[in-house]
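Just one chain follows, in the form predicted alone, and it is written as structure tokens.
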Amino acid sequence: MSVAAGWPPPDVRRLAGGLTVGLVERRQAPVVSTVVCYRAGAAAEPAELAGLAHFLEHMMFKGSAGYGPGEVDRVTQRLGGYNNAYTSHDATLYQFSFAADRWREALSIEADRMAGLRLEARQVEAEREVILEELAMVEDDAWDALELAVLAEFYGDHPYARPVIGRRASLRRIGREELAHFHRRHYRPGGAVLVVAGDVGEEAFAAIEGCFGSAESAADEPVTGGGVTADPAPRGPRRRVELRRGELARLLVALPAPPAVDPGYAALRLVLTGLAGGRSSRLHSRLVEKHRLCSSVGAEIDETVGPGVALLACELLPGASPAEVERRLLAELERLAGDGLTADEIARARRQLVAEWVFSRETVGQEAMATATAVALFEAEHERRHLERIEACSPGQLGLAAAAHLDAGGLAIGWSLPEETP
């Protein structure tokens, strides 16, 4: 039986005011997690205000009508709970986890800051400095800096090219007025999805109705996804980026990938797992074990509304030739695009991805995050459908995905090299 069959879809309803609500009943432990996902991330902000969505994420913890600055964190801690937030290009998510007898506090907080965020000038200025320090840490990290540079080169003029955290110049342009406008436009019930997961049932809907039932969407419905479509990114000639920092050589290769709703997305994930996912993958076997050129290799693929990107990463051993590593990696891409994976590689990659899918939902918090993202950006059964495609993907589909996306002519190559490397 399919593993996906053991994961029933969430119960999804829509309130009169426009808020979409999803319930995931999981009775394994007396814990409830809530996630509010707003369909507005970095791609929804003006280019000159890069970092605005992430800035607002910070400000959502800095005071609203019923909760003073810092009080959200203090209340969470006093009740023995947990909170977190995350901004991507497509969405911004806010999570709380509490014991099952006190989770309704999360609803009060979310309803209050959706309707009555304060954005005090002093708090805005203080948080700007926090974010600028966060940006400095990103720029000082060799891998983070390389990824930002490669994605900017890969996406060009597309909104996904902009760093979610923003840039120094744009962050200094953002003030209370810009934050308030973004909040008014996007942080409305009609632009949000609330998911409740854990030791809770039908009574959750009554509690949500009590907090959000009177909330209404703005007259102008929020723009979702910043106008990003699922159209594939245009392929140009091979592009290169080179940075000089750190003590080790690092290689990052960006390849075009389909958006997450595309049936070929699961096939490409399987191909990339066979290529660079774990110790049994081709690149690990050849670049790490056989030729001893790299200490590690890896692959990941973004789950996006618009045109996606797949990243291949290699960290070189001291003394290894960057030119040789690049040559061997591109040769493996060409070989895989032509010949595909073997039956054994397909079986291993499929087992690995199914296990990762299950492990990524071990807690109700993880389940709530995945469900909120799926309902907000894709569809309620997106996660289950993706797993079904992984389980059912044929060698022919994998071959088509490899041939379509492992084209060395359409990639971006980024190197982070020590200063003394020729």
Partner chain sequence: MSGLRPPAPGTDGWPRVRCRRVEGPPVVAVRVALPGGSRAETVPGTALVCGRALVEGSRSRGWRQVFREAEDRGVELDGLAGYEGIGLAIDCLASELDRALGWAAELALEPALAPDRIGWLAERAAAELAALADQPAALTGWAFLEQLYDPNPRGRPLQGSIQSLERVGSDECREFHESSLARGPMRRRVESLFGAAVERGEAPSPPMPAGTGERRRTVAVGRVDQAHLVAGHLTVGRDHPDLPALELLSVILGAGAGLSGRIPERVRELDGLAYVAGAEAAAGAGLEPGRLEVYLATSPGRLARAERAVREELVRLLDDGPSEEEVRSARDYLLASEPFRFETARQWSDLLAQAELFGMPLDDMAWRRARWQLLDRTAVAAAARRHVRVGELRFTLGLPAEGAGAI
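Quick caveat: nothing in here was measured; it's all calculated off a predicted structure. Residue numbers count along the first chain shown, from 1.
What follows is about the form predicted together with the partner chain, which we do not show.
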Pick from 328, 239, 183, 284: which has a non-hydrogen atom within 4.5 Å of the partner chain in the predicted complex?
284
Tell me, out of 315, 105, 112, 262, which residue has a non-hydrogen atom within 4.5 angstroms of the partner chain in the predicted complex.
315
Please state whether every one of the three residues 136, 250 and 280 places a non-hydrogen atom within 4.5 angstroms of the partner chain in the predicted complex.
yes
Note: the partner chain not shown here; in the predicted complex, the stretch from 262-270, 330-338, 95-103, 306-314 having heavy atoms within 4.5 Å of it is 95-103
Taking 4.5 angstroms as the cut-off for heavy atoms, does residue 80 touch the partner chain in the predicted complex?
yes
Though only this chain appears here, would residue 206 touch the partner chain in the predicted complex if you measure heavy atom gaps against 4.5 Å?
no
Using a 4.5 angstroms cut-off on non-hydrogen atoms, would residue 73 count as touching the partner chain in the predicted complex?
yes
Classify residue 288 as contacting or not contacting the partner chain in the predicted complex by the rule of any non-hydrogen atom within 4.5 angstroms, answering yes or no.
yes
Does any residue in 327-353 get within 4.5 Å of the partner chain in the predicted complex, counting heavy atoms only, and if so which ones?
348, 351, 352
